[in-house]
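What follows is one chain in structure tokens, specifically the form predicted on its own.
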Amino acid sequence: MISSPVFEIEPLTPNIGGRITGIDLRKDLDAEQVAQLRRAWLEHIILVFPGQELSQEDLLRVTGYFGTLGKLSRPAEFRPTGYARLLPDIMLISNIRENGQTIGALPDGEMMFHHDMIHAEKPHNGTLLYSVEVPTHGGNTLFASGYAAYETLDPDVRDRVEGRLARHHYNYGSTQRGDSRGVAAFAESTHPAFRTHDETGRKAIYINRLMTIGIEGVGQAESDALLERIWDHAEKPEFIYEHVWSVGDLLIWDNRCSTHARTDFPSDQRRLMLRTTVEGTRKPE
């Protein structure tokens, strides 16, 4: 257990994750306290704040501790009717249905490892997710360290991909691989396959199984083979922390150096999360 004047940090795995206790995020933090949280985030990649009781205003304020609040362009069909109110720039992640339609995005089932917003020209640095309702089992979130995966990647594979760009495609209705995701939108982007973190200077794998469709400068067959080898390596258990959600958990993760995935959960049980993001400061390098 590492002590600080503001909170305590318990590492969750050797490579990724820290549980923060001794802090009530309903209370305003001063500049030094915010700086300590940001340092902890950069070190641990994911921060878990259990047992929080946050309003939407609290969530927006806490998001601002980690950077500029990411703006949300929410399609009209995903403005909830039964949820009393939803402040701008908060997204519902939910399988709850009203009149046969989901009130939130990304509603059902498992989801492959991915980086949030990698399909954008300037991806968001971070994502926050706050649990309001959770199923009795399933719906866990797995987080994988892109740093640890890069640093232990087979040098032959790493050398063949180093310095190359990767192409990412995502259609929120379905990916190139045909997986239903339930939100109508589309985007493509090209970014370095291995990204240098703009604050830590460390390199991380920056491709993922859900959205990455190719590595530039090599043939498609070689690209597919390289991607499969990198994905299989990056998703090894030793690089992963699996979070089992409880109501009141708040998580923030760094999309610049981690991927995350979701396990399946019963479709007849309610799952409701509030999501915000931290804007990217520049295009990945």
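Model, not experiment: these values are computed from the prediction. So that there is no doubt, residue numbering starts at 1 and follows the sequence shown.
Another form exists, predicted in complex with succinic acid; not displayed. Remarks below refer to it.
- When contacts are judged by a 4.5 Å heavy atom cut-off, M111 counts as touching succinic acid in the predicted bound form.
- Succinic acid in the predicted bound form is approached by H260, whose closest heavy atom lies within 4.5 angstroms of it.
- In the predicted bound form, at least one heavy atom of I93 sits within 4.5 Å of a heavy atom of succinic acid.
- When succinic acid is considered in the predicted bound form, L129 lines it closely, a heavy atom lying within 4.5 Å.
- With succinic acid omitted here, the record of contacts in the predicted bound form names 111-119 of 188-196, 144-152, 111-119, 96-104, defined by a heavy atom within 4.5 Å.
- Taken together, the three residues R202, Y206 and H233 all stay farther than 4.5 Å from succinic acid in the predicted bound form, as judged by their closest heavy atom.
- In the predicted bound form, W253, H260, R262, R271, R275 are the residues of 253-285 with at least one heavy atom within 4.5 Å of succinic acid, listed from first to last.
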